[in-house]
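One chain comes next, on its own, written out as structure tokens in the form predicted alone.
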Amino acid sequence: MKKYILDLTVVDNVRLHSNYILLKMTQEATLPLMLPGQFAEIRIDGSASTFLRRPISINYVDIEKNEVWFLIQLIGDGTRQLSKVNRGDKINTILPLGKNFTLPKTNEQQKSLLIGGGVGTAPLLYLGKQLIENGYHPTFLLGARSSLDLLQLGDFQKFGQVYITTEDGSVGEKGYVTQHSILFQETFDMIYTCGPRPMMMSVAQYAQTHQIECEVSLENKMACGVGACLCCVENTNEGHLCVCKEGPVFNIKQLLWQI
């Protein structure tokens, strides 16, 4: 897909949590086509210690409003600088980057489970929207440390049934996503997942054991976004691949996670 360098205008900067913001951005022209699972490289202005762009998953695309959303966890000076932008500010952004999630083929019967942990839920919202628009009814399984760390719950509920785990048991079932009862009560044809690597590896093991197709969105550190700097390389059964270019979405059959 063609990549664009755009000066996007901030529509809204929503503080979802002390450590998370939701940036909504637009431009006068129609935004380019973006697919679920792809990401953007966002330039950080005003930070003396941040020289590289920050890779951020495409959280959602609102075609009617011509908006693209980015769910951002505030980790270092770069992301905290982004949290200070105001409505009307311009942010230089390269998008869309990377390989997207694989959507079901036309007329293919597929029951999909979308599993996300923490800020890893971000790309699953847009994926859920795309599945609904293609006639499918996804199920979401979202994991967080506590009820305070559940993000965009109302948005997910617009696109499908939502199940929840929290580590402290404050909402949903207590424990990790791979311990949720839904995994042992229902069967699925496809699993999509994004989140911490240990969580995704556990999901991949579950999928392998139950012979379910599974795609994961890796969160390796990505500096350039185009496969030039090699800092995001993942060792796969196809050799060393750049996550930013050949991913971030991979079928688990490509990864050396099989047990």
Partner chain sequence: MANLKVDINGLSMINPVMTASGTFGYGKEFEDFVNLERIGGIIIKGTTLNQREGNPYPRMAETPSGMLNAVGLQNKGIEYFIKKIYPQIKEIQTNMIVNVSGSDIESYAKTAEMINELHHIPAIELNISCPNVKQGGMAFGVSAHGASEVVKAVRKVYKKTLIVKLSPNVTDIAEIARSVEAAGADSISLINTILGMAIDAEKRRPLLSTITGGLSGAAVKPIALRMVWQVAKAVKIPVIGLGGIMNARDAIEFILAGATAIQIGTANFIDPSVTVKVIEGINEYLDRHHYSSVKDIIGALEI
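Residue numbers count along the first chain shown, from 1. Keep in mind the model is a prediction, meaning the values are calculated, not measured.
What comes next is about the form predicted together with its partner chain, which is not displayed.
Each of 3, 50 and 231 is positioned with at least one heavy atom within 4.5 Å of its partner chain in the predicted complex. Screening 219 to 227, 65 to 73, 206 to 214, 26 to 34 for residues having heavy atoms within 4.5 Å of its partner chain in the predicted complex returns a single hit, 219 to 227. Proximity of residue 15 to its partner chain in the predicted complex: non-hydrogen atoms within 4.5 Å are absent; the residue sits far from the partner. The shortest heavy atom separation between residue 94 and its partner chain in the predicted complex is within 4.5 Å.
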